[in-house]
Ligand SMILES: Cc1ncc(COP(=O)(O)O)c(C=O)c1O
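Shown next as structure tokens: one chain only, the form predicted alone.
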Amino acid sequence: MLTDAPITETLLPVYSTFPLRAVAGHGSWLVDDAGQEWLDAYGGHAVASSGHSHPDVVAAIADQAAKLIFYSTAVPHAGRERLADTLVRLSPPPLNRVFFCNSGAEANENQLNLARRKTGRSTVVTMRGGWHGRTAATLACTDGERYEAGARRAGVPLSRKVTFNDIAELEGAMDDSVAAVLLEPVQGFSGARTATTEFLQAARALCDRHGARLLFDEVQCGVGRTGSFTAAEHFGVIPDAIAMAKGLAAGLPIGAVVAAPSLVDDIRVGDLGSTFGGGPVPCAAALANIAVIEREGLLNNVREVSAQLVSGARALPHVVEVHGRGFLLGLELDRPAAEVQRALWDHRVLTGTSTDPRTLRLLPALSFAADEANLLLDALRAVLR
């Protein structure tokens, strides 16, 4: 549970907020309007992948903005092409076709559209605990009555929902009317619940058997957050398409679908579209962000520091289990997570909660260092005594 910070009456009151007003940021730290620094283990909701305002990303944005801020997708530009090539290089074969949009919800919406278009079917199978966005089709795939009600109002058929990691239930939901299975390899909003490799393998096999498409929503768990660039690579199961977004451009809006040729081999001009998708400035930010991830060895950092966090968290009192992979972690507690989150504010530490009221979520920048992990563990130790 977050605080109700003072806001202007002109903004719709749809967001709960942290108890600070950020005016600056660097690495894993936010600076508030009183000049105090806050350790950010939430990463702007898994967005600040190379850290807040990394100098290389800032420079790339400024350089591109000085040359050309924007032109629509009617005009090609080299940055969009370089970013597409980079995503293909970092994605597992045969995923080698890219479509850019503006957000994770749009990326999911477009990969659902591709699967329905290719199969000529409409049914989608998704997971309980899954979160895929707030557009009409993604609301229909997101778990929870509140979100499904939005899809009903829009007149969109709801997905068939099955229990995450239940192979038998997934098999029972599959038939020849299914266009796609859409899932997060590591569920974010539900508390960093991780798919088993066996479940993902079964999903792949069942899609192949029924002529459906397997779609991974890696909006939160992708772009290095599990310690490999794609979560698909981590699990060794290759879907027909991956949706990416949050951490891709270190804070600027961009989304991407990276697809196998078999899903898009009949795409023609006009079949998809996005005015702002793959604009010059977000592409420059994404290219610089990925370069930082590679040059500074941040995937290795995620693996090493995640192991430190998991080991340290499991030794803390009142921690029942640690879920997740890499820097998408859920600390399952024996008490309400919102109480612990609020207590951490007294130590100027930011974390997240989840739809599981007893799970605290950690989503730090991929550059989150060992000494910062120790500061976080010390703060947790102090509030969990």
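Throughout, we count residues from 1 along the sequence that is shown. On a predicted model such as this, the values are computed, not experimentally measured, just so you know.
There is another form of this protein, the form predicted in complex with the named molecule, and it is not shown here; the text below is about that form.
Undergrad: So which stretch, 101 to 109, 226 to 234, 282 to 290, 297 to 305, is the one near the named molecule in the predicted bound form (non-hydrogen atoms, 4.5 Å)?
TA: This holds for exactly one stretch, 101 to 109.
Undergrad: My question is simply whether Thr126 lines the interface with the named molecule in the predicted bound form - judged by any non-hydrogen atom within 4.5 Å.
TA: Outside the cut-off, so no.
Undergrad: My question is simply whether Arg213 lines the interface with the named molecule in the predicted bound form - judged by any non-hydrogen atom within 4.5 Å.
TA: Looking in the predicted bound form, residue contacts with the named molecule do not include Arg213, since no heavy atom lies within 4.5 Å.
Undergrad: Taking the named molecule as it sits in the predicted bound form, is Gly251 near enough to touch it, meaning that at least one heavy atom pair lies within 4.5 angstroms?
TA: The answer is no: Gly251 has no heavy atom within 4.5 Å of the named molecule.
Undergrad: Gly191: heavy atom within 4.5 Å of the named molecule in the predicted bound form?
TA: Gly191 lies outside the contact set for the named molecule.
Undergrad: State the residue from Lys67, His45, His26, His318 whose non-hydrogen atoms include one within 4.5 Å of the named molecule in the predicted bound form.
TA: Spelling it out, the residue with a heavy atom inside the cut-off is His45.
Undergrad: Let me know the one among Ala179, Val219, Val258, Leu309 whose heavy atoms come within 4.5 Å of the named molecule in the predicted bound form, would you?
TA: After the contact test, the surviving option is Val219.
Undergrad: At a 4.5 angstroms cut-off on non-hydrogen atoms, which residues of 116 to 155 are near the named molecule in the predicted bound form? List them in order.
TA: If the 4.5 Å heavy-atom criterion is applied to the named molecule in the predicted bound form, 116 to 155 yields Trp131, His132, Gly133.
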